[in-house]
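In the form predicted on its own, a lone chain appears below as structure tokens.
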């Protein structure tokens, strides 16, 4: 435990490197894009357009502000999925640096999740525009937003550590995780209400961390109906569990990583 905390302190010592890695990840993602950083806001809007055209006629009438419902789900999902998906290659894509210089290796998946957080913050702009332009009132739970973002960040970092470490030893993990993310998205109530599911399947949603995170995100913005003790407790528990498992897998294998890159 002491050694584990020591490595966490090492990451703090390398915080300037972390900042540079985050900046590099953001620049790299939009290097050859004509619209550049504008895609941070355009990407969720385009996804919203697709979901709205296809599903608004089915679910829109029973959900009130369907555009805000879908947009909030998309943004929170992208925060998690894009960060962890790119982070699955964190060690493999930085093998040259890892092989040459001593660094706390966990800084690489952390930097990718942190860059995903930056994208998430900027993507809040079109979300708030949609919420306000539709006449939806911002809820009193807005103060909860930093906490919600924090537990999603912790959960994502834990997942990133798990996937990126396993990918060093089993490259197929990258492709398997990509497929799992696709299924996970459709199980996270992004564009449909949980109420459409069969009654006996609805309790299973409690096992989906992203369902709790998305519900808390919506509750912190505009809809108090989603704010329940279950989401707060289970969302926080899943975040801590993910970090504990991810850090444990990484820490036990960190000295072996260099031999498999």
Partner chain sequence: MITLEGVSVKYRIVEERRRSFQAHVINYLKGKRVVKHTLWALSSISLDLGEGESLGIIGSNGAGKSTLLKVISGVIKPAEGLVSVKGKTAPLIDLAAGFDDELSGSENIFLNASILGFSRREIEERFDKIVDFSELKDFIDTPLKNYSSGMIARLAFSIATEVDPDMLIIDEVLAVGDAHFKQKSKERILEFRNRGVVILFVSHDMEQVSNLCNKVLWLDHGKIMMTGETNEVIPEYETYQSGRKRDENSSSPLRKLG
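This structure is a prediction, so every number in the text was calculated from the model and none was measured. Numbering follows the first chain given and starts at 1.
Here the subject shifts to the form predicted together with its partner chain, a form of this protein not shown in this document.
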Self-check item: Candidate from 154, 130, 185, 176 lying within 4.5 Å of its partner chain in the predicted bound form - any heavy atom
Solution: 176
Quiz item: Since exactly one of 181, 103, 117, 124 fits, which has a heavy atom within 4.5 Å of its partner chain in the predicted bound form?
Solution: 103
Quiz item: For residue 251, is any heavy atom within 4.5 Å of its partner chain in the predicted bound form, or not?
Solution: no
Quiz item: At the 4.5 Å heavy atom threshold, is residue 258 in contact with its partner chain in the predicted bound form?
Solution: yes
Quiz item: With the partner left out of view, is residue 14 within 4.5 angstroms of its partner chain in the predicted bound form by any non-hydrogen atom?
Solution: yes
Exercise. State yes or no: in the predicted bound form, is some non-hydrogen atom of residue 134 no more than 4.5 angstroms from a non-hydrogen atom of its partner chain?
Key: no
Practice problem: Could you tell me which of 157 to 165, 143 to 151, 93 to 101, 69 to 77 sits within 4.5 Å of its partner chain in the predicted bound form, going by non-hydrogen atoms? | Solution: 93 to 101
Quiz item: in the predicted bound form, which residues of 153 to 176 put a heavy atom within 4.5 Å of its partner chain?
Solution: 168, 169, 170, 171, 172, 173, 176
